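One chain comes next, on its own, written as structure tokens: the form predicted alone.
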């Protein structure tokens, strides 16, 4: 048996946690640069606010129904997510982090436990210790557990747990789930299945295995096995190392100032370098790109990108920044181009202990690595970017627009919640 634990309306729940007056009120959270709606409370959903709707198109609706709007506060969400996962890890021997607000639990070693009671205890523990509501779905496979979680939200919202313990309960859940709501079924596969008369998850279980293999490849066959109670999706108890790492963001405002682009690219490159070191990897190539706003056709349009090969595989901040800035100087176009986004990508990653030595390399890389390790330690203990390269600057002039940002209640002592008695 496996379980899927999902935090309900996670971003909204995080915001409500420190503002209890928002319970029962419509709340939405916006994407980067306060662009689109990416999280909604149940009350906001009832008003017809659609996920992904641009915020500027809903300003009238927000004002009319007094919808509370927040900018994305990923620092807060990430910290609370980490706390949720630590509580989950205390209940089971094996766990797979699926997303910031979801985790799969391996219950195969807990056959003599009352799993329904376990699901209820997990839900109560997270609510009592953190105040974040969660839903728990328990079933024989990951796909069915995901489905059970969704079924619990629809049919057993008050309990918040659905345990598909019997064939009858599994069939009930399968029959109530449309094909487009099956985890792993995309839009095109949903159209294919419906075109052939398969409309529910129960219908899919009756499809011949050979048909699934021929029409939907091995992925479809794996899904078919999962729906029929045969675990077929590999578990990732430890996140796999990334093959490429990218950092990019739209700016809070468009600009033609090369110094602002250099500041942004330098900081993005530094983040990529840190991520490389965190997974003990190095890169062979560095890609940098910039582009104007495609949604403003009245302005001059341009997209520039270039990939530079590193002299030697590296994960040193000064190296990655150097290559990124060199690439930026090559692709930057002056003369009326207004840029709204930049990014840096490190490619062709190699494990650090597999890097080949270069007979002609004259640099003392051991000292450079020692210095970088010291900087990383200082930044870990004193705060991100306490020590940085001069070219990164301090102003963050390119920073995202976040006019409705809540406080970092759990990670910044200066913004901690204060209670007056």
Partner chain sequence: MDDQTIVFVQGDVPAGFPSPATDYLQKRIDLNEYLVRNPLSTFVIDCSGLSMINAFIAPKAKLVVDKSVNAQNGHIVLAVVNGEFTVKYLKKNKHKCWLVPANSKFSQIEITPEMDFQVWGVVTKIINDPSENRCLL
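Positions refer to the first chain, counted from 1. Nothing here was measured: the structure is a model prediction, and the numbers come from that model.
The form predicted together with the partner chain is left out here; the points below concern that form.
Novice: Only one of these stretches, 126-134, 143-151, 313-321, 343-351, has heavy atoms within 4.5 Å of the partner chain in the model of the complex; which one is it?
Specialist: Among the candidates, contact is made by 126-134.
Novice: Just to confirm, with a 4.5 Å cut-off on non-hydrogen atoms, which of 161, 80, 185, 204 contacts the partner chain in the model of the complex?
Specialist: Only one option qualifies, and that one is 80.
Novice: Check residue 405 for me: does it contact the partner chain in the model of the complex (non-hydrogen atoms, 4.5 angstroms)?
Specialist: No.
Novice: Whether residue 87 contacts the partner chain in the model of the complex should be assessed with a 4.5 Å heavy atom distance threshold; does it?
Specialist: Residue-level check for residue 87: yes, a contact with the partner chain.
Novice: Residue by residue through 15-38, tell me which have a non-hydrogen atom within 4.5 angstroms of the partner chain in the model of the complex.
Specialist: Residues within 4.5 Å: 17, 18, 20, 21.
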